[in-house]
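Next up is one chain by itself, shown in structure tokens, the form predicted on its own.
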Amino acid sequence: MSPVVARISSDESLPSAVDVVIVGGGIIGSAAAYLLAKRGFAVALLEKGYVGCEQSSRNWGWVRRQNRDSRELPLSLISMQLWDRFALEIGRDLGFRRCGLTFATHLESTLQQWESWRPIGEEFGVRSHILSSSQAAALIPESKRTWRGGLQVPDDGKAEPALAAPVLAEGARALGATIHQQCAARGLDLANGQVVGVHTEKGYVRADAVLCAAGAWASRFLRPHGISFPQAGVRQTALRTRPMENIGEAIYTSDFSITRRLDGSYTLAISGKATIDVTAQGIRYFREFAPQFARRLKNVRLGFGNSFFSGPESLPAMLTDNDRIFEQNRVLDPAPQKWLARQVMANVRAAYPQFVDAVIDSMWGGLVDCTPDAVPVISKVEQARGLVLAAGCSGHGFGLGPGIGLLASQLLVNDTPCVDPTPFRLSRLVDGSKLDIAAI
């Protein structure tokens, strides 16, 4: 089942023309809409389902700078600053709290990795403290493992996946943007290689610029226009308890992660445990992704199921240019992996007796859209002037979403970018460049 997301209303009529059309109402699209509207640009935000309905509401909710790839660190700092500002500016809570993050590991190699990363983080103002084995055990009970050590990051935190994108979208509307749910973008209108508008299921919108922030659907949206975007979906699972006793805010181990929500419930998951379904798009981009998947194969299962026949990576999506495919798939809602859910609960209950009687309120699947080097694409698209792509966040999109939205908005209106966009260019994935795969 899908997680419960704060619902917002849609504007009744589609504008005939705007400065910018944003395709995708997740955290990136909603943040970009808010930031552009704040600057006075006319914006229409299009979402085939409802705002925040796909991966933006299916993640842990962590907002972290710790352990990020160095290419993402400048953007993570900007994102954190934006998270700090949003509630005050908009006047509504997005659930962002600098509660700190706590990590524990039983592996010496992981502890050494955290230690070696600290000087990199310190260049960007990331404070972290290595914990001894006894300090880690005092904070996170040992059960199946004996902790070699841990890590505390006092300035990182969490936000509410069910609230963030809808609140940002409403903030954009208050500044003049229009929000259109159940309104799939069917394709771009191009004239001599320049974006001039977007065809939607509810009509046509003229626009000088378009942001494709379509998450797992981005590659399929771009393909009919001759734009190649190597993208692969990784299926993950999360659970949510009913409200219960507070035993910690945001905790990570190799056996489980727990995140306390505003209502006192917990989101539970396991990092790195995922399924890659065999799909037509996966076969198409197998060569590009083979090095990354080979490196991480021990943590990944191969699957075969509905995603081969339905959804953004399916055989019909690859073989046809059917522009109704997006409205035929309002919400991408992969089934949760029950074996993984059972493993999560067993691991959490072994460590925390408080979870033995915890009631599971819901569980859901998600599809994390990845790039071959596990670094997002935030880029102008050479084949279509006026088009910017922001997708392929590889599991980093929620926390980085505000910064990605800001950089994308600056690229759209040819403003000075807040960070160097070179590491995020689309061309690196398709021009034969040697890729540096993000280690974390």
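Counting begins at 1, following the sequence as shown. Just so it is clear, the model here is predicted, and its values are computed rather than measured.
If you look for the form predicted together with a small molecule, you will not find it shown, but the lines that follow are about it.
K.L.:
I need the one stretch from 410 to 418, 380 to 388, 45 to 53, 32 to 40 whose residues put non-hydrogen atoms within 4.5 angstroms of the small molecule in the predicted bound form.
P.N.:
Looking at the other structure, the answer is 45 to 53.
K.L.:
Using a 4.5 Å cut on heavy atoms, which of Gly233, Pro166, Gly311, Gly215 is close to the small molecule in the predicted bound form?
P.N.:
The option sitting close enough to the partner is Gly215.
K.L.:
Though the small molecule is not shown, can you say which of Ala104, Ala185, Ala207, Ala274 has a heavy atom within 4.5 Å of it in the predicted bound form?
P.N.:
Of the listed residues, the single hit is Ala185.
K.L.:
Is Gly399 close enough to the small molecule in the predicted bound form to count, meaning some heavy atom within 4.5 Å?
P.N.:
Yes, Gly399 sits close enough to the small molecule in the predicted bound form that at least one of its heavy atoms falls within 4.5 Å.
K.L.:
Just checking whether Gly405 would be counted as a contact of the small molecule in the predicted bound form - the rule being heavy atoms within 4.5 angstroms.
P.N.:
Judged by the heavy-atom cut-off of 4.5 Å, Gly405 is well away from the small molecule in the predicted bound form.
K.L.:
Is the gap between Arg330 and the small molecule in the predicted bound form 4.5 Å or less for some heavy atom pair?
P.N.:
Answer yes; at least one heavy atom of Arg330 falls within 4.5 Å of the small molecule in the predicted bound form.
K.L.:
Can Pro372 be called a contact residue for the small molecule in the predicted bound form at 4.5 Å between heavy atoms?
P.N.:
Judged by the heavy-atom cut-off of 4.5 Å, Pro372 is well away from the small molecule in the predicted bound form.
K.L.:
Val23, Gly61 and Cys393 - do all three of these have some heavy atom no more than 4.5 Å from the small molecule in the predicted bound form?
P.N.:
Yes, because Val23, Gly61 and Cys393 each have a heavy atom that approaches the small molecule to within 4.5 Å in the predicted bound form.
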